[in-house]
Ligand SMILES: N[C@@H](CCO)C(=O)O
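Below you'll find only one chain, the form predicted on its own, shown as structure tokens.
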């Protein structure tokens, strides 16, 4: 029997749509796995009542099938579904890492990324690596068709999750199909700045690189209070603010000494809009861990 802790993640980071991702120090899913004759799933934790336990409809069922690794699987959700924090990816990542070790399948962490992505596709409809990659590998990841590049990074972050539900499918439907050339140039520049900032552990560069004029403005309309929260966080010292994944979580990069003030300010800004929220004072962290 194994226990795996797989972290929440933040994908896109503004300028890196469907490419960038980071592992968060908290929150996380905890998954317990035990060899069995067939796959069974038991759900507890945040939003677990909305997640099917049928292996054909759950992310970990697809992972177990791909690895040919039947098991009794208990998932304690620390990452709320439809949060923009890679909830389905965390469960899929934990299952991939845990079952690979439980059955001694011999896959490397990098080889487990596309396997876990198949599991996430059960929920999101598409197999994307931008959430599962950091949840497995940790740090900052760049996912392309040719594979995943990982960078260890240490950037303080604040993730504010409002009591709003934004589904991945809805968030994808509002993404513009075209962009102007000046928007493309700006996005490339910001993505380059963010990547450099991750290599240097520089919150200023990372925050600068979060700015995006293509996808984020379209998705912001789905999050009541987003602009007010963003402005409040920047005024409190955040170096950059954007939507985490498909939303509704709003994520801010910052200096260590400003994190507490920014967290409080973001909560207050959502509260002024009549929206309840919870906040995580976190940072870029490690990938899935086996106990």
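If you're wondering where the values come from, they're calculated on a predicted model, not measured in any experiment. Residue numbers count along the first chain shown, from 1.
FYI, the form predicted together with the ligand isn't displayed, but the following is about it.
Name the single residue among 246, 229, 62, 254 that comes within 4.5 Å of the ligand in the model of the complex, judging by heavy atoms. The residue in contact is 246.
Residue-level question: is residue 135 within 4.5 Å of the ligand in the model of the complex, judged on heavy atoms? No, residue 135 is distant from the partner.
Is residue 172 part of the interface with the ligand in the model of the complex - any heavy atom within 4.5 Å? Flag for residue 172 set to yes.
Residue 268, heavy atom within 4.5 angstroms of the ligand in the model of the complex: Residue-level check for residue 268: no, no contact with the ligand.
Answer yes if any heavy atom of residue 15 is within 4.5 Å of a heavy atom of the ligand in the model of the complex; otherwise answer no. No, residue 15 sits far enough from the ligand in the model of the complex that none of its heavy atoms falls within 4.5 Å.
Judged by heavy atoms and a 4.5 Å cut-off, are 24, 202 and 283 together in contact with the ligand in the model of the complex? Zero of three within 4.5 Å in the model of the complex.
Pick the stretch from 187-195, 206-214, 140-148, 164-172 whose residues have a heavy atom within 4.5 Å of the ligand in the model of the complex. Single hit among the candidates: 164-172.
Select from 202-241 the residues with a non-hydrogen atom within 4.5 Å of the ligand in the model of the complex and write them out in sequence order. If the 4.5 Å heavy-atom criterion is applied to the ligand in the model of the complex, 202-241 yields only 219.
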